[in-house]
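A single chain, nothing else alongside it, follows as structure tokens in the form predicted on its own.
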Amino acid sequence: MSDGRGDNGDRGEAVLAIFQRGADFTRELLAENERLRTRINGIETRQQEAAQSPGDWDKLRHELIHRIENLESENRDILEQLQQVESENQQFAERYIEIEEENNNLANLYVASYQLHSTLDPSEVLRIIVEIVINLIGAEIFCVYVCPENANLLEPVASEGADLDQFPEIEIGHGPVGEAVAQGNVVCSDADGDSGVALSDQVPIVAIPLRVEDLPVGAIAVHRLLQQKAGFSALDHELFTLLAGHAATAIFASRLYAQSERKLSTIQGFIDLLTK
């Protein structure tokens, strides 16, 4: 026969076990419920963010557009600065070429001046003047005149492009060349040399007086330029001035030297006759 309290004890333990399992299940339900609630809160948060995202994307898009516009503006500014720098570089390059040309012109002027005063031979002086007019001025047809002593005339002594006899004597003060020598001013004309008109009737395109102070020495009359010569440049006018002074001085000095040589030869001959 079994003990009643033993049976009651077993049933009590069984009931406690049932309550314990129920408590554990309840805790599990509560934990699962908490997990579900957390997931629901997360989903609701994402839903709210998703609901707010169109506005955020619009704001971001506007910011990006504004940034792009700023970058494009900066790019335009950089391009303008680059173009300005390129323009300045082009100007520097052009100025460098101009300076090189000016240096070359100055060198030519120096060489021409040096050559004019490098000899006292009258024929050599005339040859140098002719070379300067051809090579530096670019004249095709021209004549060099010299004024004899105690004369009011200009006699042709050297020419290029035409025979010397085609250039007549010129009275100082008459015609473009004679007036240029009388006044001491370079005279330029827009007239082009006409091959169908005699040189004696043509108006020279430039008349350069050769004077030493107020004393007329000669003149240079240019009737036609070379085909590749479009017109007169600043260097040409500098050469006109150089020839008006230095060529006149060279001719005058060579003439004085030739006269002194002739006088010296005459005196030496006279002395030789006396000593014989």
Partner chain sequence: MAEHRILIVEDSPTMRQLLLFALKRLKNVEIVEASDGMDGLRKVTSDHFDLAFVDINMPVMDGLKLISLIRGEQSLEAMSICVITTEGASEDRERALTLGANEYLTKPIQANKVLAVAKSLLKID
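Positions refer to the first chain, counted from 1. C-alpha atoms forming the largest set that superposes within 1.5 Å between two forms make up the rigid core. These numbers come from a predicted model, not from an experiment.
Although it is not shown, the form predicted in complex with its partner chain is what the next lines describe.
_Give me the residue from 105, 185, 166, 119 that has a heavy atom within 4.5 Å of its partner chain in the model of the complex._
Comparing distances to its partner chain in the model of the complex, the residue within 4.5 Å is 105.
*Here the chain is shown alone; which of 147, 206, 136, 126 has a heavy atom within 4.5 Å of its partner chain in the model of the complex?*
By the 4.5 Å criterion, the partner-contacting residue is 136.
*asked:* Only one of these stretches, 242-250, 58-66, 206-214, 225-233, has heavy atoms within 4.5 Å of its partner chain in the model of the complex; which one is it?
replied: Contact-bearing stretch, as computed: 225-233.
*Non-hydrogen atom contact residue 132 with its partner chain in the model of the complex at 4.5 angstroms*: Close contact exists here: in the model of the complex, residue 132 approaches its partner chain to within 4.5 Å, heavy atoms only.
*Looking at the partner-bound form in the model of the complex, is residue 92 within 4.5 Å of its partner chain by any heavy atom?*
Close contact is absent here: in the model of the complex, residue 92 is far from its partner chain, nothing within 4.5 Å, heavy atoms only.
*Does its partner chain come within 4.5 Å of any heavy atom of residue 71 in the model of the complex?*
No, residue 71 stays farther than 4.5 Å from its partner chain in the model of the complex.
*Does the 4.5 Å heavy atom contact test between residue 111 and its partner chain in the model of the complex come out positive?*
Yes, residue 111 sits close enough to its partner chain in the model of the complex that at least one of its heavy atoms falls within 4.5 Å.
*Core-aligned, does residue 96 move its Cα 2 Å or more between this form and the one not shown?*
It does shift by 2 Å or more.
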